[in-house]
Each structure stands twice: as C-alpha cells, then as structure tokens.
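What follows is one chain in structure tokens, specifically the form predicted on its own.
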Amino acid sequence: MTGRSERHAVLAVRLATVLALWGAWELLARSGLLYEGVVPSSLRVAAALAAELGDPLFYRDALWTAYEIVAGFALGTLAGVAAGIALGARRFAAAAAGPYIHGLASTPKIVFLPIVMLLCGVGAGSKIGMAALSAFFPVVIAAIAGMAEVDAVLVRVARSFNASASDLVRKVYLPSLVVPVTSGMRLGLGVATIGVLLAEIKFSDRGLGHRAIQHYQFFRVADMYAVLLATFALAVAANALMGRLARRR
C-alpha cells in the first residue's frame, strides 16, 4: 500500500467511525429507551449549535476559556520542562522524586481546587492555576523520561568544550526533548482543558464551563450538548495544530 492510498484508507476509517457514532446516537435518541431530554436528537443539537454560534456571548465565553487554558497551559508546560530537565539530569533526584510525581499525577486534580482557590482567588486565577497544575504532570513525566534517553556522548562532548549549563540545556537537552515533551504537552492540553471547565462549572460567571452548567440547570440539554460539542471541536483543533507544529519542528 502506497503512502497516499494508506492516508486515504485512514481518512475513510475515520469518516466511517464518525458516521457510525452519529448513527448510533440518532438511533438511541429515537429508540425511546432513554428519556428524550437525556439524549436529544442530533438534529436538535445541531440546531442548538447553530444558535450558539450565532450568539455573541458564546464568543465572549469561548475567548475567556481559551485565555484561561492557554495561560495555565503555558505556565504548567514551562514549569514541567524546567523541573523535568533539573530532575532528569540527575538520576538520583529523578529516582527519589519519581514516586511522588507519579502519585500526584494520578490524583484527580479537582481535589486541589479548594487549595487553588485559596491561593489564587475565585476569579480567572483559580482556573489558570488548575490548568497549570493539570498540565504540569504530563509534561514533567515526559521530560524526565526524555532526559533518560539523551545521548550521553553528546553531553560529554558538550562538556569537553566547556559548555555552560545554559548551553547544555539549549543545545543538547531541549533539542532531544522535542518529541517526548510534545507528547506530554498534547496530553497536558487535554487535562488542562478539563481542569478549566471543571473549575468554571464550580465557580465562575463566564466561560464555556459556566455556559454549559447554565444550560444544564435550566434543562436546556440540547444547548448543553452543543456547548460541549463546540468545546470538543476547539480542543481537537488545538491538539492537531500542536501536532503539526511539532512535526515541522
């Protein structure tokens, strides 16, 4: 199978998967097995999505959520890369900190929301803090794993030329970490988005999470699904963009 035909086959499988999921949704909605308000018809959700996209307040909420996600994700990524390099450069430090990092990484981040709110307030700061905390762990784990795979010969050669610590980071470590850190960043973006939406659902007066919970509280279920679908589409687009930038890099 040639490269082009393989890409066409992959695209066909993806399209068939989407159509199968859409068909299953519509069949379930029309089957009467579930209450109509729980699983509305996809046509109602599509109409609600069109209404959301025509509402200027939707874009205000989307931009607010995007700001919180991007700011928190950037902070979490920078902290994760810095910590990963610092720990990964010393095997003893990585081995000592590993159990704590993996233990905290597996903990649902929503349990830290009260602490983040105490530290950052109930405004945008708490959402940014949740995004940073959520993104930090996938990135630091990926960075530590990537540091373990850095070619020791490159490090010795750099040191033989009296490379400073900053030169070692810029010219050896960071280029070697592009692939593993990008994978961690893609995972981190997903969990950062979840962290922001959960925080907005709990305590916020704007954002897509707040918009979704408002629809839920007034039992506008189709509108709620529309907001969630739009959020999912934006997250997928951001993830695809990150993957493309990484491949170019």
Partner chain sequence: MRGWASSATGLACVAVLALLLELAVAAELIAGYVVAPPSAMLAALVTVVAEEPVLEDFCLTFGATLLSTLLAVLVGVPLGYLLHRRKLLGRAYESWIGALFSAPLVLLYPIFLVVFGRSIRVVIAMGFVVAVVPIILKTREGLAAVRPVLVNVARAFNASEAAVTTKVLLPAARPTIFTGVRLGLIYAMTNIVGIEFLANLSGLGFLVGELYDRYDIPGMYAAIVCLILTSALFYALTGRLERWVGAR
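Residue numbers count along the first chain shown, from 1. No experiment lies behind these values; they were computed from the predicted model shown.
The same protein also has a form predicted in complex with the partner chain, omitted here; what follows describes it.
Item to check | Partner proximity in the model of the complex: residue 220 to the partner chain, non-hydrogen atom cutoff 4.5 Å | outcome: Taking the distances in the model of the complex, the answer for residue 220 is no, it never comes within 4.5 Å of the partner chain.
Checklist entry - Looking at the partner-bound form in the model of the complex, is residue 47 within 4.5 Å of the partner chain by any heavy atom? => result Contact with the partner chain, no.
Next on the checklist: Against the partner chain in the model of the complex, would residue 185 count as a contact residue? Criterion: heavy atoms within 4.5 Å.
Outcome noted: Contact check for residue 185: no, nothing within 4.5 Å of the partner chain in the model of the complex.
Checklist entry - Looking at the partner-bound form in the model of the complex, is residue 113 within 4.5 Å of the partner chain by any heavy atom? => result Residue 113: yes, in contact with the partner chain in the model of the complex.
Item to check | Listed residue that, although the partner chain is not shown, lies within 4.5 Å of it in the model of the complex (heavy atoms), from 133, 147, 117, 71 | outcome: Here the answer is residue option 117.
Checklist entry - in the model of the complex, which of the listed residues (38, 57, 43, 53) lies with a heavy atom within 4.5 Å of the partner chain? => result Contact with the partner chain in the model of the complex is made by 38 alone.
Checklist entry - Taking 10, 13 and 198 together, does each of them reach the partner chain in the model of the complex with some heavy atom inside 4.5 Å? => result The answer is yes; 10, 13 and 198 each reach the partner chain.
Next on the checklist: At 4.5 Å between heavy atoms, only one of the stretches 147 to 155, 75 to 83, 90 to 98, 160 to 168 reaches the partner chain in the model of the complex; which one is it?
Outcome noted: Of the options, only 90 to 98 has residues within 4.5 Å of the partner.
Item to check | Contact set, 54 to 84 vs the partner chain in the model of the complex - heavy atom within 4.5 angstroms | outcome: Stretch hits: zero.
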